[in-house]
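Have a look below at one chain only, the form predicted alone, in structure tokens format.
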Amino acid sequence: MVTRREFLGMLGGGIVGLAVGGALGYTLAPKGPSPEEMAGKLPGVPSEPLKIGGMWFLTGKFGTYGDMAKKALQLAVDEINASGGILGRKVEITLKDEADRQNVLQNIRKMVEEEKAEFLIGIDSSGDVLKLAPVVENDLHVVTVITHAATPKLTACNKLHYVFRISMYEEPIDVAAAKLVAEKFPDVKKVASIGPDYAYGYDSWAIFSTNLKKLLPGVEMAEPMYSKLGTEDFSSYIDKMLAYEPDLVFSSLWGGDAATFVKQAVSKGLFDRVKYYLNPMLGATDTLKAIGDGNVPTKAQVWGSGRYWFLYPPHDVWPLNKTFVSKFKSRYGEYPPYVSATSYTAVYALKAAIERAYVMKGAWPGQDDVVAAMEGLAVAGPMGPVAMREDHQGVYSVFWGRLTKGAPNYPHPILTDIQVFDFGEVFPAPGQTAVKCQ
């Protein structure tokens, strides 16, 4: 496990590295005005509540993601309102369901134009975020903080103004996966893969395979397989893997699909035949809860990652994570997955940027003022300090951990033997990506 000295050392080196060539001047989020100042009604601050709009999958097979995001969002809003709101304005939320697939863009517009949301957060799907970004940038002109959608194309292939991403995206996680294999499993000779049949699945495999080939040039790779979201029977995919006889399986399946695949792969004996299984989306407590201790493989090593893990940074190293986990667990009876941490952090990032912009302007800030305040901001989240780069991508350390039974201490499997990668070694430079932008 990472020690406090090692964690702080990584932070120092990484933030210095971020500033190279950029003169970015990252700062932790400033303290807002005192309750006494806010009670006196700060000049230029509107009296009505500040409304934030959010969108995630709230129903259907992936509804647990939205439910966990909503819970963390409410936790943050309640904390902020209890301490006086944002510059004295009470925060309210309005939500839409991303599972309403035909009306994603219409519902985003509705939140801004009819329900008067001043800022937006959320979005699960990479495909949706790529459709949404041009609408926000060209039409709505509202600061939007992405909390989940992971495509590199959002920040690497576009010059963004109003859109920011607070969460880790797939590229550094997949780069770290390749480094993990090369460093810990150099005996790998054959690799098979399966991912969701849309942008995230294609991009994740492209990033991992490209980087692994550089590190282990002799590795043989099977033709990648892709399944539709919500697939209930993975038998045919598993049979192809068994026939190929890989040493390692790389899977970017997520949510219910990831859990279904693992349980069926256990049943069909895949984990008795392969040495290693890697899934960059496995570090979600809702997914692990669905898998259960009874399906943790005993022969193959199973490794997972994510945008956040509730036991990393270690609670004795980063107390904010301990406090967040404790509050979430006490209020909701379960441990927070990564979409909870990123959604929680997104609200505090907006708060920090609005307060910072107010100080600079001396009046309630407009959208462009908040953009200027978000650029170069670093905000403390449960996952550690998150620094916003010039490309509007938040950066922080990447972890991978080995799947282990959680009993008797936890109600679901957990990730142990945590391997940490400083963001300076796995994040591509701004504007660079292993995937094709067109």
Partner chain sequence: MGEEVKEQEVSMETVAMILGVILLALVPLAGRHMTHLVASALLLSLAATSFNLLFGYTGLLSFGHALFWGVGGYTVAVMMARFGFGYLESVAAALAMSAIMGAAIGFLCVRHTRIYFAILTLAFGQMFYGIAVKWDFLGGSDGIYGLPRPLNSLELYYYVVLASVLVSLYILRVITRSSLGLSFMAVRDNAFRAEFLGIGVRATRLKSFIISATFTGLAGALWVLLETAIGPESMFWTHSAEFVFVTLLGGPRVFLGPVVGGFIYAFLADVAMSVTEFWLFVIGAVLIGIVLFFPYGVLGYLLKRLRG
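Here the structure is a predicted model, which is why all the values come from computation and not from measurement. Residue numbers count along the first chain shown, from 1.
The following text describes the form predicted together with its partner chain, which does not appear among the structures shown.
J.: Among 311, 322 and 420, does every residue place a heavy atom within 4.5 Å of its partner chain in the predicted complex?
T.: No, the whole trio is out of contact, none within 4.5 Å by any heavy atom.
J.: Tell me the stretch among 100 to 108, 80 to 88, 300 to 308, 161 to 169 that has any heavy atom within 4.5 angstroms of its partner chain in the predicted complex.
T.: Careful reading of the contacts points to 100 to 108.
J.: Tell me, out of 364, 335, 185, 198, which residue has a non-hydrogen atom within 4.5 angstroms of its partner chain in the predicted complex.
T.: Spelling it out, the residue with a heavy atom inside the cut-off is 198.
J.: Using heavy atoms only and a 4.5 Å cut-off, determine which of 135, 219, 222, 180 is in contact with its partner chain in the predicted complex.
T.: Of the candidates 135, 219, 222, 180, 135 is the one lying within 4.5 Å of its partner chain in the predicted complex.
J.: Taking its partner chain as it sits in the predicted complex, is residue 371 near enough to touch it, meaning that at least one heavy atom pair lies within 4.5 angstroms?
T.: Taking the distances in the predicted complex, the answer for residue 371 is no, it never comes within 4.5 Å of its partner chain.
J.: Would you check, heavy atoms only and a 4.5 Å threshold, whether residue 70 touches its partner chain in the predicted complex?
T.: Yes, residue 70 lies within 4.5 Å of its partner chain in the predicted complex.
J.: Heavy atoms within 4.5 Å of its partner chain in the predicted complex: does residue 190 have any?
T.: Heavy-atom contact with its partner chain at 4.5 Å: absent for residue 190.
J.: Taking heavy atoms and a 4.5 Å cut-off, does residue 316 contact its partner chain in the predicted complex?
T.: Contact with its partner chain, no.
J.: Between 320 to 352 and its partner chain in the predicted complex, list the residues on our side with a heavy atom within 4.5 Å.
T.: Stretch hits: zero.
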